[in-house]
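Included below are structure tokens for two forms of one protein chain, each presented in isolation as structure 1 and structure 2.
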Structure 1
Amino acid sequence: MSKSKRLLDLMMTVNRKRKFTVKELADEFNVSSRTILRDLQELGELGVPLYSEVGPHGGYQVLNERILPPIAFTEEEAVAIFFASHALRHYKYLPFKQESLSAQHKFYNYMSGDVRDRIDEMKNRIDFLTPVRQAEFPYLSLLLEAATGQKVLLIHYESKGQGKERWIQPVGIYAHNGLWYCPAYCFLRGDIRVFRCDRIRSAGYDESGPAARDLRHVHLGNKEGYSSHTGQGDESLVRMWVELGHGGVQACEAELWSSPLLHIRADGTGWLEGEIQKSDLGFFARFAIGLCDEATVQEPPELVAEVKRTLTGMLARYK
């Protein structure tokens, strides 16, 4: 085996292992311990973050910031990956903002000149726009860490001008229309709720909180199907039915929350049907009003009354 191939294989091996000894590597690669020591030194000079420990239980380990082995991309793949990262520049807050910028910089600078020229020509001809928001999202990394680690967070959450402390177990985070959202199991409500991340004023771990639930199989793609009936919250459900015209259907298709509620007929009209929380009546009333004559609320009576109340308040402003 040539030295260059051995170094490449060694890089992949140490990235895969959490901890190893020189003897283990020497046996695996069928070379002397002295050769492995020289190879490890070269990997360190190449940027692989190795850490050595002395003693009877010592050895080597790779730090958390591991260096990935070289990967070969086609030109089309390289361009696609660059613009996938380039699109994120519109977000002022990301859970990995600096890492994204660093990766994009490395990726661009290591491309051949003709590929860089092609990217430069395309930069101002393709984009993925998102609204510019003034909101701040300082806890995205912590929320994502808690979601992947199945951990419970204590947050201070502000909604409708009121702040409350809540224990939540995040499922994930997602961005939509320039805002970040965090679906999470809310221990107060006993079910999955979606939290606006800019309304989270503080967040952190606290060992005095409730034990984490087993949500390993709950993620952003199936969270609507998760239901828990163990909560002691006082929110009740009502059944909603809203008739939609063609424009109303198109407006609902642009809303992430509408997917489980939206039904479309063959002629392009449709309706919203499903159970909603009574606490969300105000939101759905304002949404229906915004659709003007493209939406007609059929039920529940509470939602019809909320639409009338909101419209009455709006008309009063113009007397």
Structure 2
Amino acid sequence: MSKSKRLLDLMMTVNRKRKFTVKELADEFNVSSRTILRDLQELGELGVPLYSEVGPHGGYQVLNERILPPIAFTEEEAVAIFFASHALRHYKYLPFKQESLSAQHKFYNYMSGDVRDRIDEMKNRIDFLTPVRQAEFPYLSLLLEAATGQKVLLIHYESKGQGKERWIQPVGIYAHNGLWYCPAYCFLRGDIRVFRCDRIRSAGYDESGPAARDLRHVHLGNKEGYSSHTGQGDESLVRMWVELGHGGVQACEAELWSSPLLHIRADGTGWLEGEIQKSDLGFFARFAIGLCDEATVQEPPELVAEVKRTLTGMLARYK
């Protein structure tokens, strides 16, 4: 095997195993240790951040940087990667924000002139709009770390105007419409609740808290277990039925909570039907009103009454 090829192979090998000894590689490549030493030095000069420690249990290590072996990307793929990163630029808070940007810049800089031109041409021609919120989300990384690591956090959560301390074990985080949410097991409620991340006033690990539960099987992909839009509520349920016009169906498709309730007819109209918590009546009343003549509440009577009451109140303001 030629030296050039060996160097490229070596590059990949040292990245695969982050820690290794010279002898190990020498055996693997069927060359002498001396050669491997020389090769490693050369790799270092080429930019691979190697670090070595002498002594027993010593050896070589690749530092936090990793060299990607040369990958054949099509031009389209390179552009796609660039725009995937570009798509997230409206997020003011993002776990990986920094890294995403620096990776994007590296990519851009390594690309040849004509691909750059294409990207420049395109980057003002395609966009993914997300509402820019004033809310602050300082704990996203921490929440994500706690979710992957199955750890318990003590948070100070502001709910309905009052702040409360709670122990939670995050399931994950998700962004929706410019806001970040965190489904988590709440030790206070003894169930999974969805928290709005901008209402988390503080968060941190707390040794004195309850022991972590095994929630590895619960993740964002199986959130049937989550409760409704607010994460609040009690156990008293009631059946709801709301008729929807064409536009009402479209509006509901944009709502996360609606998918289990939404039924669509062939002509584009549809209806919402299902059990809801009584404490959510106010929410649904407002939602139905927001759809104007595209939604008509049929059940339950309490919801009809709430809608009528709200409408009357609104009308009164304009008298």
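Along the sequence of structure 1, residues get numbers from 1 upward. Given the structure is predicted, the values throughout are model-derived calculations rather than measurements. Superpose the two forms; the largest set of C-alphas matching within 1.5 Å is the rigid core.
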| message | Can you tell me whether structure 1 or structure 2 is the form predicted on its own? | response | 1
| request: With the core fitted, just quote the Cα shift at G47 between structures 1 and 2, in angstrom to one decimal. | output: 4.8
| query | How many Å does the Cα of L311 travel between structures 1 and 2 when the structures are matched on their rigid core? | reply | 3.9
